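Below sits a lone chain in structure tokens, taken as the form predicted on its own.
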Amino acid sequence: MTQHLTLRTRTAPAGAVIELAGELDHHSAPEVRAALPGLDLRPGQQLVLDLGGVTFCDSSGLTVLIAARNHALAAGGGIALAAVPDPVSRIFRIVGLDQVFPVHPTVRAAEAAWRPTAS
């Protein structure tokens, strides 16, 4: 049985933040993908995905995280992941995504590490 995914968005000085909680899988990934076009992400900003509440992530979840990265890059911004749970972090290492996404222990750390890029 799939646990409901909770998705909250907010805007911080560094850019958009998406907070996810629950299972990020083939049932919930479309909800995350649908939220991407509505984000207020400007060139030089970053999108932070807070995964601290994610309890499960399958290949569809990984795919939507890559789609979020592509969305951020297309907007002229960057992306960072925050509070990645150990099981998800292990999957990232296995498939090589730890080389693609900057990862921070908290959203605050991701925001502190952000440096605006030239427009």
Partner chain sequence: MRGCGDEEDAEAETDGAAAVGDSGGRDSSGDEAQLSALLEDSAEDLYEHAPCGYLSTLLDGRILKVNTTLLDWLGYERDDLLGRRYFSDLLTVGGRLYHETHFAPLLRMQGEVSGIALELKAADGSRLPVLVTSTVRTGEDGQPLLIRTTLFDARDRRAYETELLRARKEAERERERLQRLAATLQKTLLPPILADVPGLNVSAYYHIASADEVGGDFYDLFPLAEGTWGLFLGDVCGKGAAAAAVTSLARYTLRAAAVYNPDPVAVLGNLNTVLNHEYNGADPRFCTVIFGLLTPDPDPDRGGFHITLAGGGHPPALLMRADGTTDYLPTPGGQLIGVLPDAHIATTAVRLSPGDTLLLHTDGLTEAHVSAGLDSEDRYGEDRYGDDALLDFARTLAPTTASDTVDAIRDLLDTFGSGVDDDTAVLAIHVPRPPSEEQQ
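Just so it is clear, the structure is predicted and the values come from calculations on it, not from any experiment. Numbering follows the first chain given and starts at 1.
Another form exists, predicted in complex with its partner chain; not displayed. Remarks below refer to it.
Is it the case that residue 42, even though its partner is missing from this view, gets within 4.5 Å of its partner chain in the predicted complex, heavy atoms only? It does not: once its partner chain is placed as it appears in the predicted complex, residue 42 has no heavy atom within 4.5 Å of it.
Residue 109, heavy atom within 4.5 angstroms of its partner chain in the predicted complex: Contact check for residue 109: no, nothing within 4.5 Å of its partner chain in the predicted complex.
Please tell me whether any heavy atom belonging to residue 96 falls inside 4.5 Å of a heavy atom of its partner chain, as the geometry stands in the predicted complex. Result yes; residue 96 sits at the interface with its partner chain in the predicted complex.
Test of understanding: in the predicted complex, would residue 100 fall inside 4.5 Å of its partner chain by heavy atoms? Heavy-atom contact with its partner chain at 4.5 Å: present for residue 100.
Kindly confirm or deny that 26, 62 and 88 each have some heavy atom within 4.5 angstroms of its partner chain in the predicted complex. Yes, all three are in contact.
Could you work out which of 54, 75, 83, 32 is the residue within 4.5 angstroms of its partner chain in the predicted complex, going by heavy atoms? The residue from 54, 75, 83, 32 that makes the contact is 54.
So which bits of 63-81 sit within 4.5 Å of its partner chain in the predicted complex, heavy atoms only? 63, 66, 67, 69, 70 sit within 4.5 Å of the partner.
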